[in-house]
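Single chain ahead, by itself, as structure tokens, in the form predicted alone.
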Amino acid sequence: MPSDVEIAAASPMQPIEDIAAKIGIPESEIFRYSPHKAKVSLPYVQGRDRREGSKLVLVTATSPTPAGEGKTTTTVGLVDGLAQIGESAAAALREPSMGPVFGMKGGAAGGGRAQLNPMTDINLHFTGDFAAIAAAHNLLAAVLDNHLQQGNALGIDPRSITFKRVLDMNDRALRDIVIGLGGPTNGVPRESGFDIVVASEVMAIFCLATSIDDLKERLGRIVVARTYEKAPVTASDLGVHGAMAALLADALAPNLVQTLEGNPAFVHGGPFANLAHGCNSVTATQTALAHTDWTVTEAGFGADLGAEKFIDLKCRFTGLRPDAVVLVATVRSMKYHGGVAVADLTTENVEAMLAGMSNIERHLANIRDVWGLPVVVGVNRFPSDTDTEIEAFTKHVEGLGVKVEICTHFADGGKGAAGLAKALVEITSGQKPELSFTYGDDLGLAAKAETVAQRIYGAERLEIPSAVAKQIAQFEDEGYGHLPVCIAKTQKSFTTDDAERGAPSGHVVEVREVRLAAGAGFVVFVCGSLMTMPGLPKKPAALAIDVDSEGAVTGLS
């Protein structure tokens, strides 16, 4: 089978104005970046109400494995599958970060016959949203350091500065640095560092903001440091939030592209789910809901991270409620969670697969019992999956009272996900479910995080060092105790240990630090050894990516 980039390049695309027209967006309300990608006018989309009866489907997955589960591929395939059965549908997805594109993943626009197009554009720069977010973030960092240089009228304690700079690339050498060296004209020397742009609070704000006014107000609330008297210092104190909003105003309009089968996809924003809240922009989701009968969105990584944050953050803030959930799983992932080495995942092993299904059982229990949502399991079938394995998988999950659909959208496009589409129509035909959050607003910050650890991760408790506990107490004393929490941890396990597979219980979740994201509206609990600036692997995907003399990109997958 051809590579993803070869399939995408060989697939004819419709003019983007035709994609817009298909869902009722006038050509006058789109701004083309090329014949096949555009932004939709922000005043236009913010003037649209949700279409009556439109349904929101959340696509999530079991705990990620090195073999990959295909969540974005399934999201795209499902949109095409819904179109195959005569439904009006659009995807609402995150933009890929170039960190993983050039690092481990090599591309993040779906795969096989279930991809977005123009695939290379989406993976490389796209419409410049991430550059705008990085510029706005780094403007605040520059103004902060300039304030110190120009006399420090606010009395900022340089040792208290928590706001780093960002870069949309994996570069571990920049995690911890010293800036301001070289003499008095070069600034005030201090320790600092870089995060990846998808971990930026500005990214989270960008994805949660509902208007330019809301964006500006949220940016103004960002806490960057404290004074010598321990009072918080914000972007509005520095007077820079207006300029930051100006850099982001055009980017806030949602991006419109298409699937290989010519169905609409709004691709906008991109916080990671292990570093941030893992959901595409509210604007994109609401735009899709206003123009189609079905909006299919995804949340990053496994359901314990992305789906939890979609529900406890995005839904809590916006009033959005999923009508159903698709839990993506693979036979290979269950064998991995059953203890099989990556090199042996293509060998039939029903016993190991069944042993690993404790992982899917935990995710299904969370979706149904904690959040109260109907769910269908979509099995992304690989050529190495045997009929015996598929039969045993299906029997086990259906024994839990959950419908299973075997999907072949990677090879067959939308028709390979038509069964999954029909299953969604069936389970959403009744009364709309009552969504339950993982924790209540009345709990303290530590109690909220511990509730997530216990109810979602199966942990015994949260372990908080005394210095971190003091920081949490300070946040609560300052009036931030009502905020929800965003837990930053490894995506590979329910624990904070990458090597723990399956569904461990009774473990301890270690909190390393807490970060106040007052503008976004949550407090981040950084757990275990997770880094907010990832590093490159031994053989980065960048080594396989190239461009020929005609400008055609190769090596993306």
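Whichever C-alpha set is largest while still superposing within 1.5 Å between the two forms counts as the rigid core. Throughout, we count residues from 1 along the sequence that is shown. Quantities reported herein were computed from a predicted structural model and do not represent experimental measurements.
There is another form of this protein, the form predicted in complex with a further copy of the same chain, and it is not shown here; the text below is about that form.
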| query | Would residue 318 show up as a contact with a further copy of the same chain in the predicted bound form if we use heavy atoms at 4.5 Å? | reply | no
| query | Wondering, does residue 35 line up within 4.5 Å of a further copy of the same chain in the predicted bound form on heavy atoms? | reply | yes
| task | Spell out, yes or no, whether the shortest heavy atom distance between residue 540 and a further copy of the same chain in the predicted bound form is within 4.5 Å. | result | yes
| query | Does residue 439 reach a further copy of the same chain in the predicted bound form if we count a contact as any heavy atom within 4.5 Å? | reply | no
| message | The chain here is shown without a further copy of the same chain. Which stretch in 292-300, 477-485, 179-187, 453-461 comes within 4.5 angstroms of it in the predicted bound form, by heavy atom distance? | response | 179-187
| field | Non-hydrogen atom within 4.5 Å of a further copy of the same chain in the predicted bound form for each of 397, 418 and 492 | value | no
| task | Select from the listed residues 243, 231, 427, 469 the one whose heavy atoms reach within 4.5 Å of a further copy of the same chain in the predicted bound form. | result | 243
| Single option in 348, 87, 171, 361 placed near a further copy of the same chain in the predicted bound form, where near means a heavy atom within 4.5 Å | 171
| query | If you look in the predicted bound form, which residues in 120-151 sit within 4.5 Å of a further copy of the same chain (heavy atoms)? | reply | 121, 124, 125, 131, 132, 135, 138, 139, 142, 143, 145, 146, 149, 150
| task | Return yes or no for residue 423: a CA shift of at least 2 Å between the shown form and the other one, with the rigid core superposed? | result | no
| message | When the rigid core is used for the superposition, does residue 483 move between the shown form and the other one (threshold: C-alpha shift of 2 Å or more)? | response | no
| Core-aligned, does residue 289 move its Cα 2 Å or more between the shown form and the other one? | no
